[in-house]
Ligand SMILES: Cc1cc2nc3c(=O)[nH]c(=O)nc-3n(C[C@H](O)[C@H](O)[C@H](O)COP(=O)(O)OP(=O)(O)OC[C@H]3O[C@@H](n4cnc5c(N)ncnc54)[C@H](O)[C@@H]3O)c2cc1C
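The form predicted on its own is given below as one chain in structure tokens.
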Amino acid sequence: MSQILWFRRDLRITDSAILSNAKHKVLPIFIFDKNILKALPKDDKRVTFIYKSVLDLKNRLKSIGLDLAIFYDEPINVFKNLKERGFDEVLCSIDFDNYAKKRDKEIEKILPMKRFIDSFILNPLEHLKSDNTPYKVFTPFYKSLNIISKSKSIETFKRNENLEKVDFDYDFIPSLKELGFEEQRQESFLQKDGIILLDEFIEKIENYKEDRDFFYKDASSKLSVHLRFGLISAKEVFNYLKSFDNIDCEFFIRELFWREFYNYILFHFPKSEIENFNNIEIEWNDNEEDFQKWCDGKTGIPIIDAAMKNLNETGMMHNRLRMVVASFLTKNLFIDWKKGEKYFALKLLDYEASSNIGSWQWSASTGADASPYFRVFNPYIQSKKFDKEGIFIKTVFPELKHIDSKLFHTENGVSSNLFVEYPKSIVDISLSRKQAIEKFKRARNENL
């Protein structure tokens, strides 16, 4: 028997389900999927990161006597060709978004597939309520996992060391240019191994609960991109943190399980990818000019504009800022969360369908365990509370470095300064909040 080991979002050789379950002769592969790449701009930063990670995976596989065959094609063409060459089955990790499920169904018509839970800790088919229905609220879901979350470690996959690579042409490595992309500059942390990032994070984890909301501070783990593409597994992160007896990592572990919860929700409620989870029908604002100003960071609200400009330039956004800009889009501009989620899908380096869909629905008060519809983030209060001196805003907008930080936290404060050119806010924060609450009330009553 000869197996195809299809690496997708599990670009590592440790805690690898497919390297653990594989037998005998194997062909490890990675496919630069034309169906996905054709929808991306040529300066997409993720492609540079993935490209370098794939080359690193190839070297790591070589170090254990294997190799990686790299393809640039549509998956269906790759597997039709591989079937003709006598391969028997495909091993891969499982994904739950719509495209992944559709793609795998097509491949399964060509070759048998064995899919494994590899990108997450939990199997969403398990951990149901006593009536065998899925949880919809995080806290009881998390409490039901005490036996896991309170454990000292979670068993990881052990690699089968008796694998043999099949004879194949492993030399083809398309360049980024041949893939249709331009190499993008990467932040330094993206070039570090996941374990190195954990080593750095452990030094500040005891302050994480307090510091994580201050978006000018370097308080996060910086692991989201590595987790998204599987350079390190969630189980490895869990086990690393739990290995320190004298460090309280409970709050971060809880955050790790929020990622599990959103994947669990997407699995059990796949329509939530394209529909309001709570089935409420809302007549959103279709103002394209407002939406484009939000995308471009030209709303006239410093913290919103700085967050969006930074996203567009770096592909990253602090979690607190994600909530602030999402609340602004859905509650103040009253624009459909799906448009914001789609924009994040285009820009975020760590974009993960389940987490981002769940988070956007949370902000829009349409999702599982969502923020109450009457809770609307005031961006001025948020910037004052979590960046009083305007450090983040001034970093993104150096032309505002001489502005009194108090103006950042006052509606139209910066635009009132005669010495800088800055637009007025496109919406009145107080008025738009009241209007949003009334619209949600009306929608809820109409859907009773």
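Keep in mind that what you see is a predicted model, and the values were worked out from it rather than measured. The first residue of the sequence shown is number 1, and the count goes up from there.
This protein has a second form, the form predicted in complex with the named molecule, left out of what is shown; the following refers to that one.
Contact annotation: the named molecule lies within 4.5 Å of heavy atoms from the stretch 311-319 in the predicted bound form, the single such stretch among 268-276, 98-106, 180-188, 311-319. Here the marked residues 222, 252 and 355 all reach the named molecule in the predicted bound form, each with a heavy atom within 4.5 angstroms. Contact check for residue 360: a heavy atom falls within 4.5 Å of the named molecule in the predicted bound form. Although the partner is absent here, residue 87 lies well away from the named molecule in the predicted bound form, with no heavy atom inside 4.5 Å.
Although the partner is absent here, residue 259 lies within 4.5 Å of the named molecule in the predicted bound form, judged by heavy atoms. Contact check for residue 176: every heavy atom lies farther than 4.5 Å from the named molecule in the predicted bound form.
Interface residue among 284, 72, 170, 344 relative to the named molecule in the predicted bound form, by the heavy atom within 4.5 Å criterion: 344. For the candidate set 376, 91, 333, 227, a heavy atom within 4.5 Å of the named molecule in the predicted bound form is found for exactly one residue, namely 227. Along 109-140, not one residue places a heavy atom within 4.5 Å of the named molecule in the predicted bound form.
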